[in-house]
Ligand code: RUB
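Listed next as structure tokens is one chain, alone, in the form predicted alone.
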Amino acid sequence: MTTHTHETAEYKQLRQTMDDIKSLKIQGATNVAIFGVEAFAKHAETVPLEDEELFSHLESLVEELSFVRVTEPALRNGLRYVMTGIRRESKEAASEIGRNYLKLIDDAKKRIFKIGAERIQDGSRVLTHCHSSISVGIFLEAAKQGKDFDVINTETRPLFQGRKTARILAEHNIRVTHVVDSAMRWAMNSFNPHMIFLGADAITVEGVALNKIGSRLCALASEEEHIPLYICTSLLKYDQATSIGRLSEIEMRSPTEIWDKDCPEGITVLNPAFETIDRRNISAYITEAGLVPPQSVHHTFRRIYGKQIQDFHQSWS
């Protein structure tokens, strides 16, 4: 790598973006993908390298950026999308290719909003956990269509992302009931919701979803109460690496988020950020391709995005 590579403004911005993702200044799978892909594409377009030296440099950055946060396949798919496009065209097209990926995300979300809103009818009660921009988008679309419904949501400790959901819904005059995380099973029993909408940070080849900690408890309680559970997400969050054996990792965040001051010595505080939701507990994925059964996620992803996003089989061969 040349000295000039480090000196470009675009390279410095990429490094700053990586730091912001790692420090959680940039949060949410979609935001991580947007900022990460945009910064990477701008660097790829301006880096003073060519041919194999260029691809060796970019591939090393793809590997590094992909695992700044371990549960971010939407970012990894975006980086592969940009690399696939550069190899077919040229590095001069990188920014445009990056913008095309961001448009893919945006178009997918808009389609999911409409598909998910079809599941909500007048009088519906929907329970959700944490903050999912796609789940919230579905609720807003249903309200826009004039549907009258209720949402029950959790506060989502330790950073209270559920409060963001509650505020947005209240601002749009959607009735929302807010409960602590540990009351989710009680809320299901008390309010008898018709369905549960959860987002996802990642999807594995087995059709397992990874989402905010507490999601598996939600899924198990939904099974006990016989409530259908839907994962509302773009297929761009499918983790291709799981199809060749790599296990999805659970990110462990800082214990100070849970107990910052006056924590006595001798106490180990753990802060797992995500957990898995077994495909047996998922009624369907609500995606840009419509409602997809968990066992069909891999094939649906390949059908829609296979030509645009280089598969990990190819990049590892």
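Note that residue numbering follows the sequence shown and begins at 1. From a predicted model like this one, the values you see are computed outputs, not experimental measurements.
Separately, the form predicted together with ligand RUB exists; it is not shown, and the next lines address it.
H131 is the sole member of K91, R125, R119, H131 with a non-hydrogen atom lying within 4.5 angstroms of ligand RUB in the predicted bound form.
A heavy atom within 4.5 Å of ligand RUB in the predicted bound form is found for one listed residue only; from G214, P193, G207, G199, this is G199. For ligand RUB in the predicted bound form, the listed stretch (82-90, 132-140, 145-153, 238-246) containing residues with heavy atoms inside 4.5 Å is 132-140.
A residue is said to contact a partner when one of its heavy atoms sits within 4.5 Å of a partner heavy atom; T30 meets this definition for ligand RUB in the predicted bound form.
For L24, a non-hydrogen atom is located within 4.5 Å of ligand RUB in the predicted bound form, even though that partner is not displayed. Of the heavy atoms in S222, none are within 4.5 Å of ligand RUB in the predicted bound form.
Looking at R69, you'd find a heavy atom of it within 4.5 angstroms of ligand RUB in the predicted bound form. Shown without its partner, the chain has Q161 as the single residue in segment 139-173 with a non-hydrogen atom within 4.5 angstroms of ligand RUB in the predicted bound form.
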